[in-house]
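Only one chain comes next, encoded as structure tokens, the form predicted on its own.
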């Protein structure tokens, strides 16, 4: 096997696959290494009995139709990967189980105008502030497009002149900006239903990040690959090889080798690979804390890693049911079930175990009727923990605790949606943060990499791209990259990181 490469990509998750594809497409000699025997990381599938489950994907944003493509679809198409995309009908159904104002059951649609109209139905007089919000979202999208094209060299004068709204509000929290728009409180809370996709309450969530995510969903809808996200990952594997890249599975990165402050290679479970640049799909904690000698890690880099907080730790329950969605009365694709629409309160509850965990639940068959055998359906129930509570569970308690959480989630869903599931369960699988940590090596089983809040925002990361590379030769893709986490974002991260690495290589050769 060849052992000399321009770029070694560590980890074949979404970001790593995208980085390797972009790097190979640009003609760089590229190697992608992955400890598992399959590509995708969370973007894969697994089989239990007669059901094929989707591990983590609820939906993709930024896809759009074949005639009106979003940036994520354009990127995937540019790699030459053919994916059969299935649209999701509605944005979300949100159910809250509290009293008074915290007792809701509403369905919000995709489409900017449709969303504003529906909000006006639920919250009369909300239209003016909602229209201001949508206009602000568009301004932020335009600014981010400009930043993306700058490849880390943002012209601040242009930003101040043409994208002042982005600079004015991009660093503030969601709630602070919504209040400044004089949006009714009920509308604010309905608008923030997607908070669990970021795992941070809206007093802390960066407005630019949340506004961008929501606006993308409203503009281009939500989509899923018909054959699970593994369809996309397998297609990426094929195209990377066809574009000249190499992929080694069952290969674990052990040590990053350096000499005189420069990357010289990677020591792996299958030998040493010579390279001058590394794109990491895994966490900076793993790279700088486990794969490098302490003397080679600058103090600034240590401080940066230690200053960041881990994002939400994922718990997912998978059910294969021996009744169809229609027979069970499941009419909606996605359900958010919260104790209240107070995001700070919900995040605080997620710091520990509770009898009614929040949940983001999906019935895959509502969007993709043929995803399971006739007369059956597939569901996934996801909740988040904002602290490492599973790290304190003993081996003896582990199985009992995960069953308890799963039973609570099923019970709450049955009660508040008004359906019966328990007696129709044919297959059940439970993945805790411990499962996630073992499978992906993400610290504490986090699904959302580092928390994006306070100083560590999307705006800050994008504006500091030029200075973000503390250790020369190492950049990060995936959820740890500059565009933050999320399926679409990690693909964009991979491409951005590969292009920045290509620029690094060109500048080195010019010296």
Partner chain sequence: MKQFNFHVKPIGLLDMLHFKKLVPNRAEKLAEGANEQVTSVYKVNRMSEFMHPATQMLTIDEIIAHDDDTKTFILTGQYIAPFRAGQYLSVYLTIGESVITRPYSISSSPQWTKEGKYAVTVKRASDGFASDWILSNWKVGIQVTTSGPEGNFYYEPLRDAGHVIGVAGGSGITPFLSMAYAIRDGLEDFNLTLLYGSCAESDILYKLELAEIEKNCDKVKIIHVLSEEKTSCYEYGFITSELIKKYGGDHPYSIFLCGPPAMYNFVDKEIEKLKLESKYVRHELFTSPASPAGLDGYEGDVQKQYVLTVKRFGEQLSVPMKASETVLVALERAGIAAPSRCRGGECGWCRARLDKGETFTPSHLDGRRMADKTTGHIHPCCAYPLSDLTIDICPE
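Numbering follows the first chain given and starts at 1. Bear in mind the structure is a predicted one, so any value in this text is a computation, not a measurement.
Heads up, the form predicted together with the partner chain isn't pictured, but that's what we're talking about next.
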(request) Identify, from the list 286, 95, 83, 243, the residue with a heavy atom within 4.5 Å of the partner chain in the predicted bound form. (result) 286
(message) Between 274, 422, 125, 354, only one gets a heavy atom within 4.5 angstroms of the partner chain in the predicted bound form; which residue is that?
(response) 422
(request) Examine residue 189 and determine whether its closest non-hydrogen atom to the partner chain in the predicted bound form is within 4.5 angstroms. (result) no
(message) Within 4.5 Å, heavy atoms only: does residue 433 come near the partner chain in the predicted bound form?
(response) yes
(request) Consider residue 90 of the chain shown here, and say whether it contacts the partner chain in the predicted bound form, taking contact as heavy atoms within 4.5 Å. (result) no
(message) Within 4.5 Å, heavy atoms only: does residue 41 come near the partner chain in the predicted bound form?
(response) no
(message) Quick check for you: of 406-414, 334-342, 112-120, 214-222, which stretch puts a non-hydrogen atom within 4.5 Å of the partner chain in the predicted bound form?
(response) 406-414
(message) Can you confirm whether 37, 164 and 445, the three residues that make up this candidate site, all sit within 4.5 Å of the partner chain in the predicted bound form, judged by heavy atoms?
(response) yes
(message) With the partner chain taken in the predicted bound form, which residues across 304-319 come within 4.5 angstroms through any non-hydrogen atom?
(response) 304, 305, 306, 307, 308, 310
